[in-house]
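Encoded as structure tokens, the following chain is the form predicted alone, with no partner shown.
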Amino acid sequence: MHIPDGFISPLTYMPAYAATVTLWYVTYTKTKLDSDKISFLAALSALSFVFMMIAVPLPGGTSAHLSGVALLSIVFGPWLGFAAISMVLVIEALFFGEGGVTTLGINVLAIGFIGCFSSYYVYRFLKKINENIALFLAGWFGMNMPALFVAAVLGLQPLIASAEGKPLFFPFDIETTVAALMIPHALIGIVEGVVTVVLYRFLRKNFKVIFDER
């Protein structure tokens, strides 16, 4: 769901950059990571990078892919998850052309912030009812809430930046973008949910040190 360059007006991506930088500062003040967990955070961040690089093109120029966002935020908390996903997105944008540089702030807000916090709180809310269902739905929402945000941002561009009735950037309206993004992401979210359950159970069984203090 990375948005490439040229799709978004400066009136949208500049405030998004400001919000992203502010959230990075808040993350810096809130997060603390034990040295024995750094290697696990790095490994899951690398896995998230691989997930995102295997992207399926969608109509309109964006893409769909697994993310690993829910797993990171559940295991390490939403702020550390946001920090890890932000780093992944910066590397992808600057060195691999996955997502634009001008749209980096929007991609970080969508996949990093909305993805991590929505999946984390879905898990927290449902885990006492059934932890496997909570993990699955955390993966699904961690995929689909960012997609909905991206669809809204893209779909609003004709209203934000037009000249003589013609869109200057992304041309399709919000009804089109919501349908184009949410239908495939609803399906891929099922895979993300299953992957989240399987990997979380694997880590819980084999790497208990990550969870010892929880």
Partner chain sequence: MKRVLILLIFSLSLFAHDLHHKVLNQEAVVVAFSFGGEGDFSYQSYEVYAPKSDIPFAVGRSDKLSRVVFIPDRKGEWRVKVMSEDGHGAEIKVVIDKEFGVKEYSQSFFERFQKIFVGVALIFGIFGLLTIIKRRKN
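These numbers were taken from a predicted model, which means no experiment stands behind them. Residue numbers count along the first chain shown, from 1.
What comes next is about the form predicted in complex with the partner chain, which does not appear here.
Undergrad: State the residue from Ala43, Ile160, Ala186, Ala179 whose non-hydrogen atoms include one within 4.5 Å of the partner chain in the model of the complex.
TA: Of the candidates Ala43, Ile160, Ala186, Ala179, Ala43 is the one lying within 4.5 Å of the partner chain in the model of the complex.
Undergrad: Could you work out which of Val50, Val26, Leu168, Ala152 is the residue within 4.5 angstroms of the partner chain in the model of the complex, going by heavy atoms?
TA: Answer to the contact question: Val50.
Undergrad: Give a yes/no on whether Phe125 approaches the partner chain to within 4.5 Å in the model of the complex, heavy atoms considered.
TA: Although the partner chain is absent here, Phe125 would stay clear of it in the model of the complex, with no heavy atoms inside 4.5 Å.
Undergrad: Wondering, does Val101 line up within 4.5 Å of the partner chain in the model of the complex on heavy atoms?
TA: Answer no; every heavy atom of Val101 is more than 4.5 Å from the partner chain in the model of the complex.
Undergrad: Counting only non-hydrogen atoms and a 4.5 angstroms cut-off, does Ile174 reach the partner chain in the model of the complex?
TA: Contact with the partner chain, no.
Undergrad: Using a 4.5 Å heavy atom cut-off, state whether Ala110 contacts the partner chain in the model of the complex.
TA: Ala110 lies outside the contact set for the partner chain.
Undergrad: Which of 139-147, 101-109, 117-125, 84-92 has heavy atoms within 4.5 Å of the partner chain in the model of the complex?
TA: Selected range: 84-92.
Undergrad: Heavy atom within 4.5 Å of the partner chain in the model of the complex: which residues of 4-34 qualify?
TA: Going through 4-34 in order - heavy atoms within 4.5 Å of the partner chain in the model of the complex - there is one hit, Leu33.
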